[in-house]
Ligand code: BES
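A lone chain, given as C-alpha cells: the form predicted on its own.
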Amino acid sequence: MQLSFAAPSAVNSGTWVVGALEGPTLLPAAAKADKATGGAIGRGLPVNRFTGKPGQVLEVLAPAGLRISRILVVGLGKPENFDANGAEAAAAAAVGRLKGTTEAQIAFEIDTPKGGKVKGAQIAAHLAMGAKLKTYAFNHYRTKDLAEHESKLQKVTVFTADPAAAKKAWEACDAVVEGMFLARDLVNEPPNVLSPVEFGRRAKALAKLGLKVEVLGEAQMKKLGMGALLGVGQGSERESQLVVLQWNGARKKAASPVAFVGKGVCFDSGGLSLKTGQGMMGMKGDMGGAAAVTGAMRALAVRKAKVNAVGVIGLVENMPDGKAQRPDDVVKSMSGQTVEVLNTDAEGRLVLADALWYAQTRFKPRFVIDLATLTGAILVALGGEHAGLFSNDDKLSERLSDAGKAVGEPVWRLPLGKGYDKLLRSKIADMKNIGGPSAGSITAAQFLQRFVQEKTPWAHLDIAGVAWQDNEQKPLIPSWGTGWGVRILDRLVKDHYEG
C-alpha cells in the first residue's frame, strides 16, 4: 500500500474522508464537501442519526458533480477530547467502512479542531497510522475466497498543511506499526509452523535492522542452570530456545540498558496437567509476550531510538510426553531457588523465572519489564480492556500507566503483598508454582517477584486478556492477534529513557 502526505487539493478519484465534531459540526473540509454536493451531507445527517460521535461514519455514494466514488464523514467527538488516539480511530473507521468494496484509493482531509489535543502534522501522522493498522490481514494460509478477505486499498493520501513535518512524524509511527504487524504475525501463526526454533530463526533475521541477536539452545541453557525453563519444554520434541535481542542506540554506549522479557510458550497443551479441548484452542497465542518484546525491539531499531535496550524471550512448547515434567517434580532455577511444580499448566512463570534472572545478571538493566499471557484470572478481573500491572516501583508503574493511556493500551495496577506471598509456601522446596484457587494473577506475580533482584525496578504485565481477541472488538485491530505491548513499551522508552 502506498501512503503519502500532500498539501490540500481537489480529490478526483476514490474516497474523500472529512470530519465532523459532535453536534454535529462540520469541519471546514466537510463543509466544503457539503457545498460541492449541493447540501447532500447536511441532508444526510439527521436521517442517518449522525451526531459526530467517535466511530460514526456517514457515507454519500457517487456524489453528484464530483468524480469520486464516495464521501465519508467521520465523527470525531468533542474537540477537547480529540487526540492522537481519536485521529487513529477515525481513520480506522473510514478504512473499515471500505472493507468488502473494490475501492483502491482514499484521501483524508480532516482539519485541526479548535481546542483539540493534537494538531497539524501529528494529526496527519496518526491518521496514517490508524489507516495502516486497520489494513492488517493474515491471509497466508487462505487458498480460496480471497476477495472476501483481502483489502483492495492501494493508495492512501493524507492532506496536511505541512507534508514534510507529517512525513517526519510518520517515520516513527510507521516503525511502531511494523513492529505491531510483526507481533500480530507471530501470534497468528499456527503452532505447527511457529516452533521455538522457527521463532528464533525469525528473530535472528532482525539482525539486518541493526539488532544484535543471539539464540541459545538447550545445551547452553543447561550450562547456565535454567532448570525452570528447560523443565517446561522437556516434553516436546522441539528444542527450547532463549533469544537475546540488543539495541545499542544510546549516546553513551556504556549506558545501562532497559530490559524487556517475554513469555514465549509457542503452544501450551497444559503438559501433563492437560487442558480441556476447549481450553487448548487458541494456545498458539501463549507466546504473545515474546511477540510483543520482539515487535518492540524491532520498532526501537527501525526508528533508531537513542537508548540501549535488551529483549530476552524464553521459547518453549509445553507438551505431554513420557519425558514431560510431572506434577510434584522439583526444579532448580538459574537463581538457585527451587520450585515444586504442582501444576504443569502454570508453566509461563517458570519460563520467565529463568529469563528474568538471566536478563538481570547479564545486563544489569535500569529496569526490567516482563510481558506474559500468564493467567486466566486476569481475564476474570479485567476482561479484554486492560492488562494487569504489578510492580515493585511506583515511578515505573506511573510511567507505564501514562504510556498506556497515550497509545490506547491501558493497564490497571493490582496489589502485591506478603499475605499473598505466603500462599506460595512449599513443604519441600523454596516455593511452589501455584498459590491455590484465589488471587491467581497476584500469586503468579508474587512468584515472579522472587526472581527480581532487590534493587531492580520491575513491572509485570499480564496480557492474557489483551494479546488476542475472538471477534473484531477494537477499531484498530482487524485480526485475532492484537500486537498489544509494542506501543506501550515504545512510548515508555520515547517519553522517559532516550537521550
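Since the structure is predicted, the reported quantities are computational estimates derived from the model, not experimental observations. Counting begins at 1, following the sequence as shown.
The same protein also exists as the form predicted in complex with this ligand; that form is not shown, yet it is the one meant from here on.
A.B. asks: Residue-level contact is defined here as any heavy atom of the residue lying within 4.5 Å of this ligand in the model of the complex; does D345 satisfy this criterion?
C.D. replies: Contact check for D345: yes, within 4.5 Å of this ligand in the model of the complex.
A.B. asks: Using a 4.5 Å heavy atom cut-off, state whether T375 contacts this ligand in the model of the complex.
C.D. replies: T375: yes, in contact with this ligand in the model of the complex.
A.B. asks: At 4.5 Å between heavy atoms, is D111 in contact with this ligand in the model of the complex?
C.D. replies: Judged by the heavy-atom cut-off of 4.5 Å, D111 is well away from this ligand in the model of the complex.
A.B. asks: If you check in the model of the complex, is L379 within 4.5 Å of this ligand, heavy atoms only?
C.D. replies: Looking in the model of the complex, residue contacts with this ligand include L379, since a heavy atom lies within 4.5 Å.
A.B. asks: Select, from the options 414-422, 302-310, 283-291, 323-331, the stretch whose residues sit within 4.5 angstroms of this ligand in the model of the complex by heavy atom distance.
C.D. replies: Comparing against this ligand in the model of the complex, the contact stretch is 283-291.
A.B. asks: Go through R184, H126, R298, R349 and name the one with a heavy atom inside 4.5 Å of this ligand in the model of the complex.
C.D. replies: Contact check passes for R349.
A.B. asks: Given that this ligand is left out here, which of L26, I434, L45, V60 has a heavy atom within 4.5 Å of it in the model of the complex?
C.D. replies: The residue in contact is I434.
A.B. asks: Listed by sequence position, which residues of 453-468 have a non-hydrogen atom within 4.5 angstroms of this ligand in the model of the complex?
C.D. replies: Contacting residues: A464, W468.
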